[in-house]
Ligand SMILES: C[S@@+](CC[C@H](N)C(=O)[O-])C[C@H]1O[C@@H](n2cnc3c(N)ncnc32)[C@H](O)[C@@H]1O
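Just the one chain here, laid out as structure tokens, in the form predicted alone.
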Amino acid sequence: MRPLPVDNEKLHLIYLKPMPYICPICQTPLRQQLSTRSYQCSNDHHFDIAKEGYINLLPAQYKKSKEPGDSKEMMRARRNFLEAGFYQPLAQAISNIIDQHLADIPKPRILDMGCGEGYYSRQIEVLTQHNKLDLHGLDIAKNAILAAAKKQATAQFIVASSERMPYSDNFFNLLLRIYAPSNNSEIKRLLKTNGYLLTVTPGPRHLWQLKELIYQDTKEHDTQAPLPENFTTLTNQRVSDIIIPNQDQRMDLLQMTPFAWRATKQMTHAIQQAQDLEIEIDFILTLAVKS
């Protein structure tokens, strides 16, 4: 028997590898087509790989608006603020948890649900001690995923809804949920048995000084992180710090929070013009395991 040509051998290996994606229309496995730079299912649904490397797996019938998710302006504000390093303590804490709980897995698969423009995925890759991670990111905003893919070619990003996450069953070792909406059934489906769900929620004092400038009755955040059925909490960790962003950075911070919808022009002006405004950041990290 004549040996297979090299390119066919490579194609054969691709088909042997676990395929991450399922078709968002018919839920059958998607296979990568090397010749057309696309993914295709057995029912002939096609999804092209963008030149930046991401895949759009959000069919038009699942969109609730023409451009769902954060606007370009909100995405830029988030990127400007996060890349200034103000949330670095949170990124470090997430990376430490990954190092502690996934160290024995040769190439753990991690999904950042609602990843936005990919800040935490990039930070994890830099900060973790694990030398091999299979990083994935999902967001409903196409402009955010495009920005994430441009910044991090080593991760795999898709446009999709967290209500219908088009990945294969039991594919991930850890799901990261930072302020992101989620579907508990999908979380249970995607995680391997003994896989981890790492949830980040606001701590009681998160952005307290901004809230004081916007709300008459300032209340602490509820710190409870609801878990899907058959998940057991392993650890709770609180990460707190004080930041002093400049005027532009405060405007970026305001833009990336729900406070922006409540702030009047007068409130916004007061936040921008405040001198050396110290702002508390406060996060609760809850690690749970799927039993």
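Sequential numbering from 1, following the sequence displayed. These figures come from a predicted structure and were not determined experimentally.
Separately, the form predicted together with this ligand exists; it is not shown, and the next lines address it.
Quiz item: Closest heavy atom of residue 181 to this ligand in the model of the complex, within 4.5 Å or not?
Solution: Close contact exists here: in the model of the complex, residue 181 approaches this ligand to within 4.5 Å, heavy atoms only.
Self-check item: Any non-hydrogen atom of residue 115 within 4.5 angstroms of this ligand in the model of the complex
Solution: Yes, residue 115 sits close enough to this ligand in the model of the complex that at least one of its heavy atoms falls within 4.5 Å.
Quiz item: Heavy atom to heavy atom, is residue 209 within 4.5 Å of this ligand in the model of the complex?
Solution: Taking the distances in the model of the complex, the answer for residue 209 is no, it never comes within 4.5 Å of this ligand.
Quiz item: Taking the shortest heavy atom distance, is residue 162 within 4.5 Å of this ligand in the model of the complex?
Solution: It does: once this ligand is placed as it appears in the model of the complex, residue 162 has a heavy atom within 4.5 Å of it.
Quiz item: With the partner left out here, if you bring back this ligand in the model of the complex, are 78, 82 and 139 all within 4.5 Å of it by some heavy atom?
Solution: Yes, because 78, 82 and 139 each have a heavy atom that approaches this ligand to within 4.5 Å in the model of the complex.
Quiz item: If contact means any heavy atom within 4.5 Å, which of 103-111, 191-199, 147-155, 69-77 contacts this ligand in the model of the complex?
Solution: Of the options, only 69-77 has residues within 4.5 Å of the partner.
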